[in-house]
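Next comes just one chain, in structure tokens: the form predicted alone.
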């Protein structure tokens, strides 16, 4: 049975999807009834958005999967002139063209089993509708008729920035609805990512709208090229980060292959530690450091002559736990991994009040995973109760309660999925 707190995020998800579907249906209906205005511009921007969607890619920590498509859609929403001639397309046509082009561009992804998520299309429709409503509805009444030069450029940049902020809020709200993670930290991570790819999308969108207004549609292939090259560079950077993470995961498996810890222990502790860290509001960079430290938290056992039975270090005397932690930190420092990761590994067995938050999380989650291992039905509740009883000295109360909330949410999610 789901609690009201578990139902609210799903209600928000349905509301956002429903709003996007309603706007899309109304705009398509209006466009079909009135017909297309400025067909050359509609075809050119539709083709640009389609190419952007074809080049869409997904990966860890990717905020904007199709920056070229986003820039093309926003520039079409803010297009007031084509080679010096006023345009006549309105809000409905902008949303219709962008939606149709996005759907066409998604076909190859669907064929490869990487179909578009409804969240991606909902974000695109709502963001473009917001930008078009702010500009086209006023432009059609002549509000910006006398704007020119720097003032007009500043207007476009301002509207693009507002659209990107709207998109960041939507992305955080959709992620919160899907996962149940706290909305505040999700929005903070989205806003922190804006100066990166978000600023490139804004700049390209503004330049393309201004370029088309002066020289016509030939400006599109010229001004979209820098963003396309930036997207290629981002993909290479993401590939390097993926390789780096796989290397750390392989190092963490050394204790399992040597028989010091059970198979999958480091991976389970890392996944649960990351969830607890997110529940406590850690930022994305801090979550990455926490995940790496959790993966390598037992690597110090490789220095032991006599392995700890079942690799369970939580029940060892405090001095022995600290000795293993210091050995682990020394090993991590020799691997070339970031010093912040080694610091957490070293301090995971320190007295609780002296530990950094990430070390407290690794310590509590590791103890929980060791307690529930082979414990059978009811083992999770017993383990949590034991951790709560030990919050006076060994484990941080806020971390244990965050762990309890994460486990409850995961159980509720499994119930919802049947």
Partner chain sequence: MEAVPGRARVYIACVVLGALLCLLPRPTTAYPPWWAVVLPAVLYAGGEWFARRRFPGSFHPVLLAAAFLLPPCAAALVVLPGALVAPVEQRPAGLRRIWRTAQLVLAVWAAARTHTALDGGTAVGTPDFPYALVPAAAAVLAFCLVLTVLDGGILALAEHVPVRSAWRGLFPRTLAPLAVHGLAGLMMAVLWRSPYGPPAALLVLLPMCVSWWAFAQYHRERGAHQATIRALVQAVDIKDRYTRGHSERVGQASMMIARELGMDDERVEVLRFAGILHDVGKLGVPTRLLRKDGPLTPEERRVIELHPEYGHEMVRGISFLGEARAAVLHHHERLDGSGYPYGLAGGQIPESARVVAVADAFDAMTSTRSYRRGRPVAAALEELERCAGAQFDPVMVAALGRAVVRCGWHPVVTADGAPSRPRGPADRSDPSVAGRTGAHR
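Numbering follows the first chain given and starts at 1. Since the structure is predicted, the reported quantities are computational estimates derived from the model, not experimental observations.
Below, we refer to the form predicted together with the partner chain, which is not included among the displayed structures.
This chain appears without its partner; in the model of the complex, the one residue of 166, 191, 302, 138 with a heavy atom within 4.5 Å of the partner chain is 302. 222 is the sole member of 326, 222, 312, 187 with a non-hydrogen atom within 4.5 Å of the partner chain in the model of the complex. Here the chain stands by itself, but in the model of the complex one stretch of 175 to 183, 120 to 128, 255 to 263, 92 to 100, 255 to 263, has heavy atoms within 4.5 Å of the partner chain. Contact check for residue 155: no non-hydrogen atom falls within 4.5 Å of the partner chain in the model of the complex. Interface residue remark: residue 289 is not counted as part of the site for the partner chain in the model of the complex, having no heavy atom within 4.5 Å.
Residue contact check for residue 230: one or more of its heavy atoms lie within 4.5 Å of the partner chain in the model of the complex. In the model of the complex, the partner chain sits within 4.5 Å of a heavy atom of residue 240.
Residues 203, 204, 206, 207, 210, 211, 213, 214, 215, 218, 222, 223 are the members of 202 to 224 with a non-hydrogen atom no more than 4.5 angstroms from the partner chain in the model of the complex.
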